[in-house]
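A lone chain, given as structure tokens: the form predicted on its own.
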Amino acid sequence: MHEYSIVQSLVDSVAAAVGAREAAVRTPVVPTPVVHRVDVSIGELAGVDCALLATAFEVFRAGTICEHAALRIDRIAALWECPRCHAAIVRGGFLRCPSCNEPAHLAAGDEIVLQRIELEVS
């Protein structure tokens, strides 16, 4: 189950982003911000089971900066297009451009992206 390693990377990314924000503000020592929500986008071809990812997040977040955070997952549909003319390839169709006859390439749907961190700062 690689969902746990994805959650580890997600929590590390949140911690790094919050730490970078704190360093940029350069205020005297203040309590650590509380993360309330983490939004991620996951492509349908990313090979991630979203239910397992949510379960792994619930288990793994204890004792981390995301301990009190909710996880919101947005699924991204696979999108194939022609690399030459950028025409969209119809879902379920042949993976070749009907105009150029070029092999299609995957334009979206295999990504895992940290979209947003919602946090409370004292």
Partner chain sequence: MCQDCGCGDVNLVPLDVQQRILARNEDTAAHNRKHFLERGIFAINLMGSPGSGKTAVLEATAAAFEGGRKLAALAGDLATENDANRLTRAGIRSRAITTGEACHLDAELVHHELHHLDLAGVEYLFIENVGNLVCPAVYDLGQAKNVVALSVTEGEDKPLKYPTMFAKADLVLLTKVDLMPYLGISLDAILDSLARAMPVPNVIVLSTRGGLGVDDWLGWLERNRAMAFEEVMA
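Residue numbers count along the first chain shown, from 1. Each form is matched to the other, and the largest set of C-alpha atoms that superpose within 1.5 Å is called the rigid core. None of the values given here were measured: they were computed from a predicted structure.
As for the form predicted in complex with the partner chain, it is not shown, yet the points below apply to it.
Screening Ala54, Ala46, Ala69, Ile76 for any heavy atom within 4.5 Å of the partner chain in the predicted bound form leaves a single hit, Ala46. In the predicted bound form, at least one heavy atom of Trp80 sits within 4.5 Å of the partner chain. Taking non-hydrogen atoms only, Cys85 never approaches the partner chain to within 4.5 angstroms in the predicted bound form. Among residues of the shown chain, Gly63 is not one whose heavy atoms approach the partner chain to within 4.5 Å in the predicted bound form.
Though the partner is left out of this view, Val113 does reach within 4.5 Å of the partner chain in the predicted bound form, counting heavy atoms only. Taking the partner chain as it sits in the predicted bound form, the stretch 89-113 comes within 4.5 angstroms of it through a non-hydrogen atom at Gly92, Gly93, Phe94, Leu95, Arg96, Pro103, Ala104, Ile112, Val113. Here Gly92 counts as shifted, since its C-alpha moves by at least 2 Å between this form and the one not shown after the core is aligned.
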